[in-house]
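Read the single chain below, which is given as C-alpha coordinates and is the form predicted alone.
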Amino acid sequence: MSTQLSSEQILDDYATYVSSGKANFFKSIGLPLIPGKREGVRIYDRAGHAFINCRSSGGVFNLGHRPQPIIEALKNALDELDIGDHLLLSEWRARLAKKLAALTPGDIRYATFTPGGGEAIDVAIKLARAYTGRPGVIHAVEAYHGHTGFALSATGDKFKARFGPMIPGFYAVPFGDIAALEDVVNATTAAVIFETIPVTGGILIPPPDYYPRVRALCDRFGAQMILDEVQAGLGRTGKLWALSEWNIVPDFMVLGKGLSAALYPISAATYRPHIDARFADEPFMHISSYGGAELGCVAAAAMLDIITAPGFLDNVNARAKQLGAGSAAIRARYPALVADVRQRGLMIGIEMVDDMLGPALTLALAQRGVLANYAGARANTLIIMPPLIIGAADTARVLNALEDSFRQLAGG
(Lines give C-alpha, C1' and ligand atoms only; values in the text may rest on other atoms or scores of the structure.)
Protein backbone atom coordinates (compact mmCIF):
# COMPACT_ATOMS: atom_id res chain seq x y z
CA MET A 1 0.00 0.00 0.00
CA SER A 2 2.01 2.95 -1.26
CA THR A 3 1.72 6.64 -0.48
CA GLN A 4 2.72 9.67 -2.49
CA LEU A 5 3.24 11.89 0.53
CA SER A 6 6.76 12.93 1.52
CA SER A 7 8.03 12.35 5.05
CA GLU A 8 7.97 16.10 5.59
CA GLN A 9 4.31 16.29 4.55
CA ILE A 10 3.37 13.38 6.81
CA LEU A 11 5.13 15.01 9.78
CA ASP A 12 3.38 18.29 9.05
CA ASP A 13 -0.03 16.61 8.77
CA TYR A 14 0.60 14.63 11.96
CA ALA A 15 1.54 17.80 13.83
CA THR A 16 -1.45 19.68 12.44
CA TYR A 17 -4.16 17.06 12.76
CA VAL A 18 -3.06 14.36 15.23
CA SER A 19 -0.55 15.58 17.82
CA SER A 20 1.84 18.50 17.53
CA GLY A 21 3.53 17.47 20.77
CA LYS A 22 4.30 13.95 19.61
CA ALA A 23 5.56 15.09 16.20
CA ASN A 24 7.78 17.73 17.77
CA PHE A 25 9.11 15.26 20.36
CA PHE A 26 10.34 12.80 17.76
CA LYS A 27 11.85 15.58 15.66
CA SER A 28 13.60 17.05 18.70
CA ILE A 29 15.36 13.77 19.55
CA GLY A 30 16.41 13.22 15.96
CA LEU A 31 14.17 10.21 15.39
CA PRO A 32 11.22 11.24 13.18
CA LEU A 33 10.69 7.59 12.20
CA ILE A 34 7.62 7.02 10.06
CA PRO A 35 7.12 3.27 9.57
CA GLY A 36 6.70 2.05 6.04
CA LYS A 37 7.14 -1.63 5.24
CA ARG A 38 6.95 -3.94 8.22
CA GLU A 39 7.58 -7.67 8.29
CA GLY A 40 8.64 -10.23 10.89
CA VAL A 41 10.80 -8.68 13.62
CA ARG A 42 11.54 -5.57 11.53
CA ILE A 43 9.99 -2.30 10.55
CA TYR A 44 11.44 -0.06 7.86
CA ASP A 45 11.38 3.69 7.60
CA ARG A 46 10.40 5.38 4.35
CA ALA A 47 14.02 5.47 3.23
CA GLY A 48 14.25 1.70 3.62
CA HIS A 49 16.33 1.62 6.82
CA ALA A 50 15.52 -1.49 8.88
CA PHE A 51 14.94 -1.58 12.64
CA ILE A 52 14.63 -4.72 14.78
CA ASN A 53 11.59 -4.03 16.92
CA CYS A 54 12.55 -4.64 20.56
CA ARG A 55 9.58 -2.61 21.74
CA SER A 56 6.94 -4.94 20.33
CA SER A 57 4.46 -2.31 21.54
CA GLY A 58 4.39 -4.10 24.87
CA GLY A 59 3.60 -7.44 23.24
CA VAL A 60 1.28 -6.45 20.39
CA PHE A 61 3.93 -7.79 18.01
CA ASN A 62 4.66 -11.02 19.88
CA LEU A 63 4.37 -12.84 16.55
CA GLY A 64 6.17 -10.08 14.70
CA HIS A 65 4.69 -7.76 12.11
CA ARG A 66 2.06 -9.04 9.71
CA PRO A 67 2.22 -12.72 10.73
CA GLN A 68 1.10 -14.65 7.68
CA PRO A 69 -0.99 -17.35 9.44
CA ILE A 70 -3.07 -14.60 11.09
CA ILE A 71 -3.42 -12.73 7.80
CA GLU A 72 -4.70 -15.90 6.14
CA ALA A 73 -7.14 -16.58 8.99
CA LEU A 74 -8.53 -13.05 8.72
CA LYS A 75 -8.77 -13.19 4.93
CA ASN A 76 -10.82 -16.37 5.17
CA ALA A 77 -12.98 -14.92 7.93
CA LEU A 78 -13.76 -11.82 5.86
CA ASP A 79 -15.72 -14.00 3.46
CA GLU A 80 -18.31 -14.58 6.20
CA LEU A 81 -17.76 -12.38 9.26
CA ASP A 82 -17.66 -8.77 10.37
CA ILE A 83 -17.40 -7.18 13.81
CA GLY A 84 -20.61 -8.82 14.98
CA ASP A 85 -23.34 -7.39 17.18
CA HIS A 86 -22.18 -7.06 20.77
CA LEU A 87 -25.67 -7.61 22.21
CA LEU A 88 -26.23 -10.90 20.41
CA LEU A 89 -24.77 -14.32 21.06
CA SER A 90 -21.65 -15.20 19.09
CA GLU A 91 -20.16 -18.51 18.00
CA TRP A 92 -16.75 -16.85 17.66
CA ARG A 93 -16.71 -15.29 21.11
CA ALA A 94 -17.73 -18.66 22.53
CA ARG A 95 -14.98 -20.43 20.58
CA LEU A 96 -12.29 -18.05 21.80
CA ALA A 97 -13.52 -18.07 25.40
CA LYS A 98 -13.56 -21.89 25.41
CA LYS A 99 -10.02 -21.99 24.01
CA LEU A 100 -8.85 -19.54 26.69
CA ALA A 101 -10.59 -21.50 29.45
CA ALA A 102 -8.60 -24.58 28.48
CA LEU A 103 -5.37 -22.61 28.90
CA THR A 104 -5.94 -20.25 31.82
CA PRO A 105 -4.84 -21.35 35.30
CA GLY A 106 -7.04 -23.06 37.87
CA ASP A 107 -10.77 -22.59 37.46
CA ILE A 108 -10.60 -19.31 35.52
CA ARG A 109 -13.25 -19.95 32.89
CA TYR A 110 -15.20 -16.86 31.85
CA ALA A 111 -14.13 -14.04 29.55
CA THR A 112 -15.45 -10.57 28.86
CA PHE A 113 -13.87 -9.19 25.68
CA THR A 114 -12.97 -5.56 25.09
CA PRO A 115 -11.12 -3.61 22.37
CA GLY A 116 -8.17 -2.62 24.59
CA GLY A 117 -6.36 -3.60 27.78
CA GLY A 118 -7.43 -0.51 29.72
CA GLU A 119 -11.09 -1.31 29.20
CA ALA A 120 -10.47 -4.94 30.21
CA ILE A 121 -8.94 -3.63 33.46
CA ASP A 122 -12.04 -1.45 33.88
CA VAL A 123 -14.21 -4.56 33.56
CA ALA A 124 -12.22 -6.45 36.20
CA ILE A 125 -12.32 -3.59 38.71
CA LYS A 126 -16.02 -2.92 38.06
CA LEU A 127 -16.91 -6.57 38.60
CA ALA A 128 -14.74 -6.81 41.72
CA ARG A 129 -16.42 -3.74 43.21
CA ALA A 130 -19.88 -4.97 42.30
CA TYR A 131 -19.20 -8.49 43.57
CA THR A 132 -17.86 -7.37 46.94
CA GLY A 133 -19.99 -4.25 47.37
CA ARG A 134 -16.82 -2.48 48.50
CA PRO A 135 -15.00 0.63 47.20
CA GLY A 136 -11.31 -0.04 47.96
CA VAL A 137 -8.81 -0.85 45.21
CA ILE A 138 -5.11 -1.24 45.98
CA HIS A 139 -2.43 -0.97 43.28
CA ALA A 140 1.32 -0.47 42.97
CA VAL A 141 2.94 2.96 43.20
CA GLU A 142 4.55 2.62 39.75
CA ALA A 143 1.66 0.74 38.17
CA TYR A 144 0.48 1.15 34.62
CA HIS A 145 -2.89 -0.38 33.79
CA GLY A 146 -4.17 1.98 31.08
CA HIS A 147 -5.62 5.40 30.45
CA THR A 148 -9.34 4.69 30.82
CA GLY A 149 -11.44 5.37 33.94
CA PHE A 150 -10.88 2.69 36.57
CA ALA A 151 -7.60 1.64 34.91
CA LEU A 152 -6.21 5.17 35.13
CA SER A 153 -7.22 5.45 38.78
CA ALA A 154 -5.20 2.25 39.43
CA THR A 155 -2.16 3.65 37.61
CA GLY A 156 0.82 5.57 39.03
CA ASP A 157 0.71 9.32 39.66
CA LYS A 158 3.01 10.15 36.75
CA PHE A 159 0.31 9.13 34.29
CA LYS A 160 -2.76 10.50 36.05
CA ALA A 161 -1.62 13.65 37.89
CA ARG A 162 -2.98 16.02 35.23
CA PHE A 163 -6.40 14.42 35.07
CA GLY A 164 -7.55 14.57 38.69
CA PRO A 165 -9.49 14.18 40.76
CA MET A 166 -9.46 10.43 40.27
CA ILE A 167 -12.17 7.95 41.25
CA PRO A 168 -12.11 7.72 45.07
CA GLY A 169 -11.14 4.56 46.91
CA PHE A 170 -7.82 3.82 45.18
CA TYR A 171 -4.66 3.37 47.24
CA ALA A 172 -1.03 2.80 46.16
CA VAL A 173 1.64 0.66 47.82
CA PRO A 174 5.25 -0.11 46.84
CA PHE A 175 5.37 -3.16 44.60
CA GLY A 176 6.77 -6.26 46.26
CA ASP A 177 6.36 -4.91 49.81
CA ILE A 178 3.99 -7.32 51.55
CA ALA A 179 4.11 -5.41 54.85
CA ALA A 180 2.89 -2.24 53.12
CA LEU A 181 0.07 -4.21 51.53
CA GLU A 182 -0.91 -5.78 54.84
CA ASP A 183 -1.21 -2.29 56.32
CA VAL A 184 -3.93 -1.21 53.86
CA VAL A 185 -5.97 -4.31 52.96
CA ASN A 186 -9.08 -4.46 55.13
CA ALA A 187 -12.79 -5.21 55.10
CA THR A 188 -13.44 -2.31 52.68
CA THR A 189 -11.04 -3.63 50.02
CA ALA A 190 -12.75 -4.80 46.84
CA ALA A 191 -9.61 -5.70 44.90
CA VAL A 192 -5.85 -5.83 44.88
CA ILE A 193 -4.49 -5.33 41.37
CA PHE A 194 -0.92 -5.74 40.13
CA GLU A 195 0.83 -6.25 36.84
CA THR A 196 2.36 -9.69 37.33
CA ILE A 197 5.69 -8.17 36.25
CA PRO A 198 5.44 -4.37 36.02
CA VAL A 199 6.97 -3.29 32.71
CA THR A 200 6.46 0.46 32.83
CA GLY A 201 7.88 0.34 36.35
CA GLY A 202 11.09 -1.17 34.95
CA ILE A 203 10.58 -4.99 34.80
CA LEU A 204 10.13 -5.33 38.55
CA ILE A 205 10.47 -8.86 39.96
CA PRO A 206 8.66 -9.54 43.24
CA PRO A 207 10.10 -11.67 46.08
CA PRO A 208 9.46 -15.42 45.63
CA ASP A 209 6.78 -15.53 48.34
CA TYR A 210 5.05 -12.29 47.36
CA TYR A 211 2.15 -13.50 45.24
CA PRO A 212 1.28 -16.47 47.47
CA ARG A 213 1.08 -14.03 50.37
CA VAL A 214 -1.02 -11.59 48.33
CA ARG A 215 -3.38 -14.46 47.48
CA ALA A 216 -3.63 -15.44 51.16
CA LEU A 217 -4.26 -11.83 52.19
CA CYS A 218 -7.05 -11.44 49.64
CA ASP A 219 -8.63 -14.69 50.83
CA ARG A 220 -8.43 -13.55 54.43
CA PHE A 221 -10.36 -10.33 53.77
CA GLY A 222 -12.57 -11.48 50.87
CA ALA A 223 -10.86 -9.12 48.41
CA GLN A 224 -10.56 -10.07 44.75
CA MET A 225 -7.07 -10.60 43.33
CA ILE A 226 -6.55 -9.13 39.84
CA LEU A 227 -3.38 -9.85 37.89
CA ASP A 228 -2.68 -7.82 34.76
CA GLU A 229 -0.92 -10.06 32.21
CA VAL A 230 -1.48 -7.65 29.30
CA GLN A 231 2.27 -7.44 28.70
CA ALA A 232 3.70 -10.37 30.68
CA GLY A 233 1.28 -13.06 29.50
CA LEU A 234 0.92 -15.15 26.33
CA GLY A 235 4.42 -16.61 26.38
CA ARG A 236 6.45 -13.49 27.04
CA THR A 237 8.22 -14.92 30.11
CA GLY A 238 8.90 -18.31 28.52
CA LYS A 239 5.79 -19.68 30.22
CA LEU A 240 2.31 -19.25 28.81
CA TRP A 241 1.37 -17.14 31.84
CA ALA A 242 3.87 -15.19 33.93
CA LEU A 243 1.85 -15.86 37.09
CA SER A 244 2.41 -19.63 36.81
CA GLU A 245 5.89 -19.06 38.30
CA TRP A 246 4.18 -18.51 41.66
CA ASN A 247 1.64 -21.34 41.40
CA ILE A 248 -1.33 -19.18 42.34
CA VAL A 249 -4.72 -18.54 40.75
CA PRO A 250 -6.06 -14.97 40.85
CA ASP A 251 -9.76 -14.17 40.69
CA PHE A 252 -9.20 -12.18 37.50
CA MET A 253 -6.49 -12.40 34.86
CA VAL A 254 -6.48 -9.60 32.28
CA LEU A 255 -5.09 -10.15 28.77
CA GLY A 256 -4.43 -7.83 25.86
CA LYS A 257 -1.81 -6.64 23.37
CA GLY A 258 -0.52 -10.01 22.12
CA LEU A 259 -4.09 -11.34 22.03
CA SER A 260 -4.55 -9.15 18.95
CA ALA A 261 -1.84 -11.04 17.02
CA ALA A 262 -0.76 -7.60 15.74
CA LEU A 263 -3.72 -7.41 13.37
CA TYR A 264 -7.04 -6.92 15.17
CA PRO A 265 -7.48 -5.17 18.55
CA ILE A 266 -8.95 -7.44 21.22
CA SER A 267 -8.41 -7.86 24.97
CA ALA A 268 -10.09 -9.84 27.70
CA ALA A 269 -10.90 -9.85 31.38
CA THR A 270 -10.99 -13.52 32.38
CA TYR A 271 -12.35 -14.62 35.73
CA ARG A 272 -13.47 -17.45 37.97
CA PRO A 273 -17.01 -18.89 38.16
CA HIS A 274 -17.96 -17.17 41.42
CA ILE A 275 -17.81 -13.81 39.64
CA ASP A 276 -20.04 -14.95 36.77
CA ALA A 277 -22.50 -16.60 39.15
CA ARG A 278 -23.01 -13.35 41.04
CA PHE A 279 -24.08 -11.56 37.86
CA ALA A 280 -26.02 -14.25 36.05
CA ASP A 281 -29.16 -12.11 36.33
CA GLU A 282 -27.39 -8.98 35.01
CA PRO A 283 -25.92 -10.08 31.67
CA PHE A 284 -25.72 -6.57 30.21
CA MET A 285 -23.85 -4.91 33.07
CA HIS A 286 -20.93 -4.17 30.76
CA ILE A 287 -21.47 -3.68 27.05
CA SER A 288 -18.98 -2.63 24.38
CA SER A 289 -19.82 -2.09 20.73
CA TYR A 290 -16.44 -3.42 19.60
CA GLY A 291 -15.78 -5.79 22.49
CA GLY A 292 -15.20 -9.31 21.23
CA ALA A 293 -15.35 -8.31 17.57
CA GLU A 294 -15.74 -11.59 15.71
CA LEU A 295 -12.82 -10.89 13.39
CA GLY A 296 -10.70 -10.22 16.46
CA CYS A 297 -11.79 -13.54 17.95
CA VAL A 298 -10.59 -15.32 14.81
CA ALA A 299 -7.19 -13.58 14.99
CA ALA A 300 -6.79 -14.32 18.72
CA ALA A 301 -7.74 -17.98 18.34
CA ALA A 302 -5.21 -18.44 15.53
CA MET A 303 -2.56 -16.75 17.67
CA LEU A 304 -3.24 -19.12 20.58
CA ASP A 305 -2.78 -22.09 18.26
CA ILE A 306 0.65 -20.77 17.28
CA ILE A 307 2.01 -19.99 20.76
CA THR A 308 0.81 -23.29 22.21
CA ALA A 309 2.30 -25.37 19.40
CA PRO A 310 5.22 -27.67 20.35
CA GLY A 311 8.54 -25.86 20.27
CA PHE A 312 7.25 -22.29 20.31
CA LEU A 313 8.16 -21.58 23.94
CA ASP A 314 11.43 -23.49 23.46
CA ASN A 315 12.55 -20.71 21.11
CA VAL A 316 11.41 -18.04 23.58
CA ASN A 317 13.49 -19.62 26.35
CA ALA A 318 16.53 -20.17 24.13
CA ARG A 319 16.52 -16.55 22.96
CA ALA A 320 15.92 -15.40 26.55
CA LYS A 321 19.00 -17.31 27.67
CA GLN A 322 21.04 -15.77 24.85
CA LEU A 323 19.81 -12.25 25.56
CA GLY A 324 20.23 -12.66 29.31
CA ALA A 325 23.82 -13.87 29.00
CA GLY A 326 24.68 -11.00 26.70
CA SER A 327 23.05 -8.42 28.97
CA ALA A 328 24.88 -9.79 32.00
CA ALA A 329 28.18 -9.55 30.12
CA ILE A 330 27.46 -5.93 29.22
CA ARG A 331 26.66 -5.17 32.85
CA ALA A 332 30.01 -6.68 33.88
CA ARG A 333 31.88 -4.62 31.27
CA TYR A 334 30.17 -1.30 32.11
CA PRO A 335 29.67 -1.23 35.90
CA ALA A 336 29.92 2.56 35.91
CA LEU A 337 26.79 2.72 33.73
CA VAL A 338 24.68 -0.34 34.58
CA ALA A 339 23.24 -0.77 38.07
CA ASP A 340 21.08 -3.86 37.54
CA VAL A 341 19.61 -6.23 34.96
CA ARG A 342 16.16 -7.75 35.62
CA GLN A 343 14.72 -10.44 33.39
CA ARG A 344 11.92 -12.89 32.90
CA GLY A 345 12.00 -14.57 29.50
CA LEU A 346 12.01 -12.05 26.67
CA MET A 347 11.38 -9.07 28.91
CA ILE A 348 14.54 -7.42 30.21
CA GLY A 349 15.07 -4.21 32.14
CA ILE A 350 18.58 -2.76 32.09
CA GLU A 351 18.71 -0.25 34.93
CA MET A 352 21.38 2.42 34.65
CA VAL A 353 22.86 4.78 37.16
CA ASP A 354 21.30 7.96 35.77
CA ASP A 355 17.86 8.91 34.43
CA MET A 356 19.43 10.57 31.40
CA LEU A 357 20.98 7.29 30.28
CA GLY A 358 17.61 5.70 29.43
CA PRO A 359 16.75 8.23 26.71
CA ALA A 360 20.39 8.34 25.56
CA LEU A 361 20.56 4.57 25.15
CA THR A 362 17.18 4.51 23.38
CA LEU A 363 18.49 6.94 20.77
CA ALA A 364 21.86 5.20 20.45
CA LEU A 365 20.14 1.89 19.75
CA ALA A 366 17.84 3.45 17.15
CA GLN A 367 20.90 4.80 15.36
CA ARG A 368 22.10 1.19 15.18
CA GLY A 369 18.85 -0.24 13.87
CA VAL A 370 17.21 -1.42 17.11
CA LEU A 371 13.98 0.03 18.51
CA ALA A 372 13.62 -0.12 22.28
CA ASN A 373 12.52 2.41 24.88
CA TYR A 374 13.06 3.38 28.47
CA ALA A 375 10.46 2.65 31.14
CA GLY A 376 7.74 5.26 31.44
CA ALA A 377 7.88 5.32 35.25
CA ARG A 378 11.64 4.78 35.54
CA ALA A 379 13.63 6.66 32.92
CA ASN A 380 16.93 5.07 33.94
CA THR A 381 15.74 1.62 32.81
CA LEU A 382 15.81 0.42 29.21
CA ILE A 383 13.13 -2.13 28.34
CA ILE A 384 13.93 -4.84 25.80
CA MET A 385 10.96 -6.86 24.57
CA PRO A 386 11.58 -8.33 21.10
CA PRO A 387 8.98 -10.39 19.24
CA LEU A 388 8.74 -13.92 20.57
CA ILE A 389 9.68 -15.25 17.13
CA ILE A 390 13.10 -13.55 17.08
CA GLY A 391 15.92 -15.87 15.97
CA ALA A 392 19.47 -16.36 17.21
CA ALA A 393 21.07 -14.21 14.51
CA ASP A 394 18.81 -11.22 15.17
CA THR A 395 19.27 -11.62 18.92
CA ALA A 396 23.03 -11.41 18.34
CA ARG A 397 22.48 -8.23 16.29
CA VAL A 398 20.55 -6.70 19.18
CA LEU A 399 23.35 -7.56 21.61
CA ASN A 400 25.96 -6.11 19.25
CA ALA A 401 23.94 -2.89 19.04
CA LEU A 402 23.73 -2.79 22.84
CA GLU A 403 27.48 -3.29 23.17
CA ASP A 404 28.24 -0.53 20.64
CA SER A 405 25.77 1.82 22.31
CA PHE A 406 27.23 1.30 25.78
CA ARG A 407 30.71 1.79 24.36
CA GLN A 408 29.56 5.13 22.95
CA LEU A 409 27.94 6.18 26.24
CA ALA A 410 31.12 5.22 28.10
CA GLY A 411 33.11 7.46 25.79
CA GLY A 412 34.87 4.58 24.05
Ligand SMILES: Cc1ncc(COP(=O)(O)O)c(C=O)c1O
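Nothing here was measured: the structure is a model prediction, and the numbers come from that model. Quick note: we count residues from 1 along the sequence shown, nothing fancier.
There is another form of the same protein, the form predicted in complex with the named molecule; it is not shown, and what comes next is about it.
K.L.:
Here the chain is shown alone; which of 291, 202, 146, 235 has a heavy atom within 4.5 Å of the named molecule in the predicted bound form?
P.N.:
Answer to the contact question: 146.
K.L.:
Quick one: from 191, 230, 303, 111, grab the residue that has a heavy atom within 4.5 Å of the named molecule in the predicted bound form.
P.N.:
Checked against the cut-off, the match is 230.
K.L.:
Would residue 195 count as a contact of the named molecule in the predicted bound form, using a 4.5 angstroms cut-off between non-hydrogen atoms?
P.N.:
Judged by the heavy-atom cut-off of 4.5 Å, residue 195 is in contact with the named molecule in the predicted bound form.
K.L.:
Flag residue 296 as yes or no: does it have a non-hydrogen atom within 4.5 angstroms of any non-hydrogen atom of the named molecule in the predicted bound form?
P.N.:
No, residue 296 sits far enough from the named molecule in the predicted bound form that none of its heavy atoms falls within 4.5 Å.
K.L.:
Since only the chain is shown here, I'm wondering whether residue 257 would be in contact with the named molecule in the predicted bound form (any heavy atom pair within 4.5 Å).
P.N.:
Result yes; residue 257 sits at the interface with the named molecule in the predicted bound form.
K.L.:
At 4.5 Å between heavy atoms, is residue 156 in contact with the named molecule in the predicted bound form?
P.N.:
So residue 156 does not count as contacting the named molecule.
K.L.:
Can you say which of 326 to 334, 112 to 120, 158 to 166, 174 to 182 gets within 4.5 Å of the named molecule in the predicted bound form, counting heavy atoms only?
P.N.:
Stretch 112 to 120 is the one.
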